[in-house]
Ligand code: FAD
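Only one chain comes next, encoded as structure tokens, the form predicted alone.
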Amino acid sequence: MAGTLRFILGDQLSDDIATLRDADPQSDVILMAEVQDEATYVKHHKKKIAFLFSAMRHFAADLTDKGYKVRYQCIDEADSPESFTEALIDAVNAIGPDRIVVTEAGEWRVRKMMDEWEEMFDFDVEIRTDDRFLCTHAEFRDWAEGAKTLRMEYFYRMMREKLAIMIEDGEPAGGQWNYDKDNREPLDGQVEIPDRPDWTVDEMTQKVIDLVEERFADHFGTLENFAYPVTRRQATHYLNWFVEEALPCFGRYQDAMKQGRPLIFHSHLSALINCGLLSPAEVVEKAEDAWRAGTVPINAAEGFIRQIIGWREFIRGVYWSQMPDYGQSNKLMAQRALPDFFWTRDAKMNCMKQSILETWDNAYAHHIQRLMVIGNFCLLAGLDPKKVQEWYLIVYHDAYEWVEMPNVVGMILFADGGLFASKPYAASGSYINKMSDYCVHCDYAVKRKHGPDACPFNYLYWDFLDRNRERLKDNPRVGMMYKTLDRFKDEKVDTIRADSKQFLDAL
């Protein structure tokens, strides 16, 4: 009879994960497993699978070097388990533990599996709280119950005060909670974008890349130019690089887009945080320390920290408070299928083409590409929320259901009717033209409002408002746009409807 079997999932790659907190290297066994079900419940981007499998293998090797007994099951082994449950049963039969310890899953479906494990075995299965997050489920529920509306900004202020981050004498540093007004500049052509660190693909990662290329050949994306951190040491190096080289300009240009430069000043750390190689607490501490040292301006530090302790924690709270039915939300009754170019990458709209191409190449796109380019199109075109959720979960290497679903359902598609977003994030082509150089390379004319050569965003924006009038007319942040729409002549409205129908039917 062994001691404790400790099961670590692929997004729990932290030395201080609760599962390991009281582990005894002499008697306990650490279980990790690559399983087919997790790689294929949606057809994840090849780079996401390769990144996670490589990070898992490196993490298991580090645990072994530290003296732990690790049972690691590779997906290409004979009789490899198909699911987490099968991996656990195999390990129990082989080891004979007296209890199981695991940290709670981030996704609802996996948490349901864990609840079943408690019923499955005749010994204790301990499911521990994931205290890598900075707000507990209970804290979020208490805050939400006391709030008039679920707005991230007020949650963020509560978190700033709770954690004493960028707080001076009980007040927000600089006298403001939010410096977003300083963070909306397009690239001016003079600023120099820093080159990213690169990591040599070692033998372990190369084996994973070869495995993924062979086993998941029909999945979205490419494995070419794989150069991303897969170890704790590489992850901390990337964090230090970002804070020193990119964070100083991040705030000012965080909404900017430039063709051929997918990252600009963005951190590109989200996948490392979400899988556990970095903790949100250490990332925030680094950013705040740089601001206090005077190397990072306040708008950059605050804007970045807000994404971590504001959006990230808030979105997780929304997910767990609204499950299990949240993913079925469709208040705008959108039903259109995804156009083929979401998979083939041959969109005629250049902003869509570039954003999807970069996603294909990198398993990543920054938040403005996700929200105001791809997401804006999905909203205006009335794409089916379930299909959009699936696409976002497939293509991004930082995507897990807890973070993907609320962002798509609530922020991108307004499919929950405004549970936490105060308005639909809809925009015409002028916004994209202001924040990027995409439009100068496009076959469509961004300044044209009608006709076959006009930017589709221009007429789709008004068509979206027109067809959703009964659902949105009472929204105070959209009401002014309906007053503008009502001043249009009937012929103009007819043209908007006709252009939109022709474009959408052609999809």
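Being a predicted model, the structure only gives us computed values, none of them experimental. Don't overthink the numbering: it's just position in the shown sequence, from 1.
Another form, the form predicted together with flavin-adenine dinucleotide, is not on view; read the next lines as being about it.
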Which residue, 312, 286, 232, 252, has a heavy atom that falls within 4.5 Å of flavin-adenine dinucleotide in the model of the complex? 312
Name the residue from 329, 279, 270, 299 that puts a heavy atom within 4.5 Å of flavin-adenine dinucleotide in the model of the complex. 270
Listed range touching flavin-adenine dinucleotide, judged in the model of the complex by heavy atoms within 4.5 Å, from 399-407, 200-208, 181-189, 137-145: 399-407
Please tell me whether any heavy atom belonging to residue 392 falls inside 4.5 Å of a heavy atom of flavin-adenine dinucleotide, as the geometry stands in the model of the complex. yes
Any non-hydrogen atom of residue 243 within 4.5 angstroms of flavin-adenine dinucleotide in the model of the complex: no
So, in the model of the complex, is residue 371 in contact with flavin-adenine dinucleotide at a 4.5 angstroms heavy atom limit? yes
So in the model of the complex, does residue 364 come within 4.5 Å of flavin-adenine dinucleotide, heavy atom to heavy atom? yes
Does the trio 266, 274 and 412 actually contact flavin-adenine dinucleotide in the model of the complex, every residue with a heavy atom within 4.5 Å? yes
Which residues, if any, of 287-310 lie within 4.5 Å of flavin-adenine dinucleotide in the model of the complex when only heavy atoms count? 304, 307, 308
